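Below sits a lone chain in structure tokens, taken as the form predicted on its own.
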């Protein structure tokens, strides 16, 4: 039945002329040209240069996988990967849980107050990571920070977050969560609004309680939202750079150093060739791609329940 319908649809299509095909190719040509110039060609150059000892001031020689071997065996790079995994395990579940929970609260708010709350939680999203880091530096500063001033008032010892690995990690996570909270909440909020009310009404008639409605209606309906948010959070956590760099500089003792900070340090080190930096960047691209694929496998994307 389905194949007959497909054949019928195909037969009813209007024939396309050669001019139509040329027009279509001309329409996509600018997009393909931009992709080729700013993505494909730089990627090709980065991959080819990563197999050399290329630098700005010397001769280039082919070294094969030597750059990749040095990067993989580098203790600082290994430490940065462990730190990235730590940030992923902390930031992804916490942001999904907080955003999903608060989206339900926002859904129940109406009128002007509801609009005010939505705008307020989204404002940090438009703040650059560098600016947000500076704000939190003023809040957490050892001498004049707001937190330490409050601790001083209550007779408690000050916190030197930049010298404490645990506090430094918490500080970085707080800034990241604050910046992404509004966007993730509104994404979940939009997904909740897209679930037909009839589903919940039918479930209530059948005697389903709130928890059962959550498990059997809300979560399955938001599967694609979870995929989107999870991919964004995983890739974003693996690419953390500006916030830990501004807050802690990767310290103390490299406990908040991320691969991106490691690559920056390599780039600034004149004793190392650019091939090392490029090979590290290619490795991170592969790792991020593999992590994204794993997320897609764990949370399979499907059509909505209405499809």
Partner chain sequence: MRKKRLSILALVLAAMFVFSACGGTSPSGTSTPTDSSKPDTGDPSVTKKDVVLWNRIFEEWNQEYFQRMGEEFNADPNNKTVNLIQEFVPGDAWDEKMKSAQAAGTAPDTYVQNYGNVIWGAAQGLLQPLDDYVPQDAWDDLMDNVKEFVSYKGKYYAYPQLVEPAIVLFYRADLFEQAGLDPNKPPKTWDELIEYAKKLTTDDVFGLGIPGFGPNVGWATWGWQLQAAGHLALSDDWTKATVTDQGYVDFVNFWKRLYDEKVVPEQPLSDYTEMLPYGQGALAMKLCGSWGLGQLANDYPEILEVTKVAVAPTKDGKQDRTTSTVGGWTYVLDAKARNPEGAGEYIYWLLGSDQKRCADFFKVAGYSKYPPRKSVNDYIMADPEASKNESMKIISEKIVPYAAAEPLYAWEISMEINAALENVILNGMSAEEALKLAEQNINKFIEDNDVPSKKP
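Positions refer to the first chain, counted from 1. The shown structure was predicted, so the numbers you read here are calculated from the model rather than taken from an experiment.
Beyond the structure shown, there is the form predicted together with its partner chain, which is absent from this document and is the topic of what follows.
Any non-hydrogen atom of residue 60 within 4.5 angstroms of its partner chain in the predicted bound form
No, residue 60 sits far enough from its partner chain in the predicted bound form that none of its heavy atoms falls within 4.5 Å.
Can you work out whether residue 50 and its partner chain are in contact in the predicted bound form, taking contact to mean some heavy atom pair no more than 4.5 Å apart?
No - in the predicted bound form, heavy atoms of residue 50 and its partner chain never come within 4.5 Å of each other.
How about residue 22: is it within 4.5 Å of its partner chain in the predicted bound form, going by heavy atoms?
No, no contact at 4.5 Å.
Quick one: is residue 68 in contact with its partner chain in the predicted bound form, heavy atoms, 4.5 Å cut-off?
Residue-level check for residue 68: no, no contact with its partner chain.
Choose one stretch from 95-103, 233-241, 110-118, 197-205: the one whose residues place a heavy atom within 4.5 angstroms of its partner chain in the predicted bound form.
Only one stretch passes the 4.5 Å heavy-atom test: 233-241.
Heavy atom within 4.5 Å of its partner chain in the predicted bound form - the one residue of 188, 161, 87, 136 that qualifies
Of the listed residues, the single hit is 161.
What are the residues of 274-296, in order along the chain, with a heavy atom within 4.5 Å of its partner chain in the predicted bound form?
274, 281, 282, 284, 285, 286, 288, 289, 292, 293, 296, in sequence order.
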